[in-house]
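Next up is one chain by itself, shown in structure tokens, the form predicted alone.
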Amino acid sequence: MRVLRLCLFAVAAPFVVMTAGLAVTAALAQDYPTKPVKIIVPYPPAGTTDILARLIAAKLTVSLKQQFIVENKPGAGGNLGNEVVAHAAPDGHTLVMSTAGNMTINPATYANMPVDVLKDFAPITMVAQVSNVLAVHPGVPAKNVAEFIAWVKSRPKQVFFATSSPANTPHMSGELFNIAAGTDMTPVHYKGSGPALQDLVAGQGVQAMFDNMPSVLPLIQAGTLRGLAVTAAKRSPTMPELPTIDESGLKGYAVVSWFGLFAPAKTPAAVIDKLHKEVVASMSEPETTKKLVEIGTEPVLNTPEEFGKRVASEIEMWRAVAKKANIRIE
């Protein structure tokens, strides 16, 4: 009888421990957040990442009845802000609103990354994505992508495209275009979209640019630039008249700049699930969706698992592009 009791206890003990662990995790999620939450933005204020982070912070402050504060920590192509969050306590009180650039392109192009994106972060959800737009100076004779490719090929090594910085989605959109179309445009890197677009509008040294839609949209609408196509896989509801590069002849071409929320690795799953539920609910509200579309972004929400798989697959995609284009940032 004694042996039987010992065996029963040996079987039951792991169950007791597991049940206790689930109870603690559930309680943690129920109480979260217990203090103000920082959302780190690894870029300067007023950009798309910052706008989205402040929108979510305002929504979560109301729904979770605790202050969500946005803190900008720009530097090193977004790596600085990411590093702060990677080393923060994994309790859900420090998050990062990050982008395709510093989560998937940086690991593919930087020789020395301060973080391991796939090991140091817990994905929560994508929030939105934005297409880049292939825009050209009005003096460029091309009215569509096919004509633009022909024009570039007729001027070998004489066409330059502006970028807001090296190794971000606007830059890599141009490099991928070169690979897909067999062109040899040369990138010219600027410190931000503003000065890049200023030179493009003036026709100073650059003839084209692949830029985020919110930045380039007003210039296309004003007629100071000509939009040829969007880089996303489907047309944008903001500019439905512009075709995709894919449907313009470069089959399989697709690039978007996305924005998403991450926590430090080892943050309890219950906290991740609670944040995911609240962000999805707030970003699905009709007035929020309308606001996002108006500024040229598209709401995109997914599960933590889906988001993690997308990050991993895009890192591999950009590694292939960086290798072909010989891009390496020391």
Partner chain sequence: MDVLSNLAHGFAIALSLQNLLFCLLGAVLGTLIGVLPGIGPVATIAMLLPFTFTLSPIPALIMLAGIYYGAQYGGSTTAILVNMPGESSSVVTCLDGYQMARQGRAGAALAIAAIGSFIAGCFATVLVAVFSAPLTSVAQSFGAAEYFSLMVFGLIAAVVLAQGSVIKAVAMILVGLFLGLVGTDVNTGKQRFTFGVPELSDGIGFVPIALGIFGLAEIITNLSKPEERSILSQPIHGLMPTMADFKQAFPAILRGTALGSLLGVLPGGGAVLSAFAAYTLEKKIAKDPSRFGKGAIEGVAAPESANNAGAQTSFIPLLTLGIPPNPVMALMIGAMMIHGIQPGPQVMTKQPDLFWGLVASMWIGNLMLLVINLPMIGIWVRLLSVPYRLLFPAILLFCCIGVYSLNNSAFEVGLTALFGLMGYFFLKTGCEGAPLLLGFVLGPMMEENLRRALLLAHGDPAVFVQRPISLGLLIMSALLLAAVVLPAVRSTREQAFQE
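Positions refer to the first chain, counted from 1. Source: prediction; values computed, not measured.
Beyond what is shown, the protein has a form predicted together with the partner chain; the following relates to that form.
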Exercise. Quick one: in the predicted bound form, does every one of 140, 234 and 303 get a heavy atom within 4.5 Å of the partner chain?
Worked result: no
Seminar exercise, completed: With the partner omitted here, the residue among 219, 250, 100, 176 that in the predicted bound form has a heavy atom within 4.5 Å of the partner chain is 219
Problem set entry | Contact of residue 129 with the partner chain in the predicted bound form (heavy atom, 4.5 Å) | no
Exercise. Are any of the heavy atoms in residue 246 no more than 4.5 Å from a heavy atom of the partner chain in the predicted bound form?
Worked result: no
Exercise. Does the 4.5 Å heavy atom contact test between residue 190 and the partner chain in the predicted bound form come out positive?
Worked result: yes
Exercise. So, in the predicted bound form, is residue 74 in contact with the partner chain at a 4.5 angstroms heavy atom limit?
Worked result: yes
Exercise. Where, among 100 to 108, 117 to 125, 146 to 154, 220 to 228, do residues come within 4.5 Å of the partner chain in the predicted bound form by heavy atom distance?
Worked result: 220 to 228
For this session: Between 271 to 301 and the partner chain in the predicted bound form, list the residues on our side with a heavy atom within 4.5 Å.
Result: 291, 294, 295
